[in-house]
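Just one chain follows, in the form predicted alone, and it is written as structure tokens.
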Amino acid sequence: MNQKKKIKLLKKTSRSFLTYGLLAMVLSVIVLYFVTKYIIEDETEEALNSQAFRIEKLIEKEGVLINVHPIINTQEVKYVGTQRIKDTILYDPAEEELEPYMELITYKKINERTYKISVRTKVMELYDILQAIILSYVVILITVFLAQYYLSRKNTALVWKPFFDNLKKIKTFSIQSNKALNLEETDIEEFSELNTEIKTLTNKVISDYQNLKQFTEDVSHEIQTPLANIQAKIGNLFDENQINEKQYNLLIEISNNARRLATLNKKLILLAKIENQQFKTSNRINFTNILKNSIESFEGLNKVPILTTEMESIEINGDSYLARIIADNLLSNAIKYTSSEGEIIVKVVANEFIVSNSGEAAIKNPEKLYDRFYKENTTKKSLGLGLAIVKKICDNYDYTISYTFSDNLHVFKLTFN
């Protein structure tokens, strides 16, 4: 399904205003042209009739023909023709060129004689008036239209300002901050109702999230003691000489599962503590020394060599305990997903900690890499929490972590800000 192209609200309303405004303006100009043309032609016809009437009365009174070329022409004729109006072109001695005229030809019987009376007026003057009217109208219309567009855009931006301000606050809202969303009040009823609904919703979400976090933390702590007891009892059973081989294997399996459950529990507690911001210390610590200790702790425990190419001594702002967890988790992740023929390369340079390990293909879903319990390869013995913990620590201390795959290497790069 194709996603519709997004457009800014102000741009969309402005575009609609411009489209419909220009359409209305063009239509009004067309209507004005034809209406004005009709009125001018009608008035001109009336003026020509009036002029012809006055000439008729003058001939009746004076008994002489009147000729003023090219606007008046009278002549005695033998028949009575039909009155008509037409456009014609005549020579204008004043302009010394041919000019278009509107001509009224009428026939009158005066004192038992028939006269043909022709009166004319220049068409160009009529069209000049029409053109001046249309041009003036267009200039006024454009001026009013632009002024209205500017004021409308300003007014729209002013009306929607509370909405956009609140939208920014909603975008920066974090459920983990445990702070209620403080939206800007407005006198627009619809926006006010929207703010109320959003506040109610976010307060409910914050409350539910805090309850869930507290529940997770409480359950994790409550599980710790029974798990420790189970592991202690298993240890006691191992010391007994009366268990057979089948019982021994069952105890081994129970012990492994209990240990796995204990590890999971510890990591969940750690995640809860990080999210609750219980690690508030931020000191200057030497990350390189912490990393070296972490590398030493893995020596002898894995078959994959850890190569250190560049190890600049860098100091960062953070918690030494969490910094060690970052180093341990990224190294542990690299060890789990590297074959015995591969290698792990560690580099600390220019405020960056980079861990690369051999691999055949890029991760299929990198966007889920830091999700809890996400495992790219389900055959590996992993809880799926290590990278989630690293990401949480990075978020808390404004570190950034990224993943890339190039030259058959999975590369995790952590940048300390």
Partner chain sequence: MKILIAEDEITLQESIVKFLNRDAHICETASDYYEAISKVSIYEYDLILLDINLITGNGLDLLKLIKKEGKKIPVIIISANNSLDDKVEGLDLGADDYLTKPFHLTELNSRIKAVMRRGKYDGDSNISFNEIKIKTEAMQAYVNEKPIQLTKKEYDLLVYFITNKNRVLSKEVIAEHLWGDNIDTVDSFDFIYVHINHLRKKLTDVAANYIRTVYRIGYKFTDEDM
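Positions refer to the first chain, counted from 1. What you see is a predicted model; the values in this text were computed from it and never measured.
This protein has a second form, the form predicted in complex with its partner chain, left out of what is shown; the following refers to that one.
Among R259, K161, R113, K116, the residue placing a heavy atom within 4.5 Å of its partner chain in the predicted bound form is R259. Comment: its partner chain is not present in this chain, but in the predicted bound form one of F191, F173, Y101, F298 has a heavy atom within 4.5 Å of it, namely F298.
Heavy atoms of N182 never reach within 4.5 Å of its partner chain in the predicted bound form, leaving it off the interface. The closest heavy atom approach of S220 to its partner chain in the predicted bound form falls within 4.5 Å. Under a 4.5 angstroms non-hydrogen atom cutoff, its partner chain in the predicted bound form has N236 among its neighbouring residues. Contact annotation for L130: none of its heavy atoms lies within 4.5 Å of its partner chain in the predicted bound form.
Residues within 4.5 angstroms of its partner chain in the predicted bound form, judged by any non-hydrogen atom, belong to 261 to 269 and to none of the other stretches in 117 to 125, 148 to 156, 261 to 269, 67 to 75. Panel note: the distance between the CA atoms of Q278 and K169 is smaller in the predicted bound form than in this form, the difference being 3 Å or more.
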